[in-house]
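Listed next as structure tokens is one chain, alone, in the form predicted on its own.
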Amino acid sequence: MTAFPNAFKNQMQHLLKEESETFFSALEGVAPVSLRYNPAKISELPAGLQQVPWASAAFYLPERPLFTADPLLHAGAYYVQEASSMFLEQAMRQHCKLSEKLRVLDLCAAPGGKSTLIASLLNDESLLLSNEVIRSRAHILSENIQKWGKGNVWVSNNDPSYISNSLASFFDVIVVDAPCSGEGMFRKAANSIEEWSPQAVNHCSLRQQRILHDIWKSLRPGGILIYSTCTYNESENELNLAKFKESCDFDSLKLSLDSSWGVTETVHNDIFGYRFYPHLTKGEGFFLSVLKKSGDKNVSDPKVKKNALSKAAKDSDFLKSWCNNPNLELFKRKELMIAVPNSLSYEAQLIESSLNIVSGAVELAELNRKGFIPIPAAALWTGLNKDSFNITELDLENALKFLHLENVNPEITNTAEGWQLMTYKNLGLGWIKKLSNRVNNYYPKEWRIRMSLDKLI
């Protein structure tokens, strides 16, 4: 039996009353495994798997496989994500006008589960800014975003207050999946139980208040803020939002639920909240609430103070041949050649000049004295025109060797010398350069599989 802190047990007995024993029994069980497919890369979904009912293209697996040994994971064909957190899709579908051009901020985005979900919901003219304040986690986020392969996502590394001061009244939708005490992860991460305390809950609540107040200015009047945590306690959820409403004016929006989902609706001070308990839903602990900002909607956009990106005229036709979409504009970010949707030229200049950008748009190639070096993200981009490249389709063993950053056997590659796109099941993985006497593997060192190949093959 798991030894839960007495304060946590008392808290849950207060919340759940006679259901608390069933709740604690559920925490002794095995956490379900779920993933969400990338609709831009996988057209046929698997048969025979149970679907996550509140999310499209998302399924439960009967057991947890060794995901690292599947090149499709590295190709961005799917994302392994906890099922309850995918409930974000319902909030966006029900209260965000996804058919329109939207500017969306995922504020606390690492490692990228919610950002990849949002990216799949938005149309190609919309903007997603995925932000992470911790720099090391921002690079993990950037890797997962690039593998997902959408060309309208930027990754930034900024404090919420800095974003608000730079981009006031700019975003239509802000998602705040707030750092929390992690009670909802007790079944999945035993160390989180040891780290939990009432003091930690109070500390998280204060930090969440600061985050909400710091980012509020960057949401336009009439915009939507979706707040979520993976905790059960009221201090980080309903009570937090009630306190936030004392100084910030918003309406709480109700969600339509299917009773079979087992989601629990709460109402506190006219604020609707949606709770996931593991004894009622097939997932971990989760809380979500949708807020609509009040105020005058007639606000002007921030001005671009300087052009951080310069238009790329040289070799632009050559690089445009790499792109399936003609409605792209080529820019230079230092030595990087990037492709930006025409609809986002203003937004690109604004955020590139205002924020600390880790990656963004479609990074196609790096310029050097010898020409172009294709960027890893380009190989994974869903808009890449593969007909512009020589391609080597890899089997499972050679795909894993490539992802492990092993030397590639020249005999299995396309006969042509020069840059080649490595694919697995027709999905891009990365690049090699074939020379007369050898093959250079250009898969990023920081992305490589570190597990021993003997355990993978």
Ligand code: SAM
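Because the structure is predicted, anything quoted here is derived from the model rather than measured. Heads up: residue numbers just count along the shown sequence, starting at 1.
The discussion below concerns the form predicted in complex with the named molecule, not included here.
> Looking at 386, 137, 243, 332, which is the one with a non-hydrogen atom within 4.5 Å of the named molecule in the predicted bound form?
The option sitting close enough to the partner is 137.
> Name the residue from 183, 132, 236, 284 that puts a heavy atom within 4.5 Å of the named molecule in the predicted bound form.
None of the other options qualify; the answer is 132.
> Does any part of residue 177 reach within 4.5 Å of the named molecule in the predicted bound form? Heavy atoms only, please.
Result yes; residue 177 sits at the interface with the named molecule in the predicted bound form.
> Using a 4.5 Å heavy atom cut-off, state whether residue 108 contacts the named molecule in the predicted bound form.
Yes, residue 108 sits close enough to the named molecule in the predicted bound form that at least one of its heavy atoms falls within 4.5 Å.
> Does residue 210 make contact with the named molecule in the predicted bound form, using a 4.5 Å heavy atom cut-off?
Output for residue 210 is yes: heavy atoms within 4.5 Å of the named molecule.
> Residue 160: heavy atom within 4.5 Å of the named molecule in the predicted bound form?
Yes, contact at 4.5 Å.
> What stretch, of 164 to 172, 112 to 120, 267 to 275, 67 to 75, brings heavy atoms to within 4.5 Å of the named molecule in the predicted bound form?
Among the candidates, contact is made by 112 to 120.
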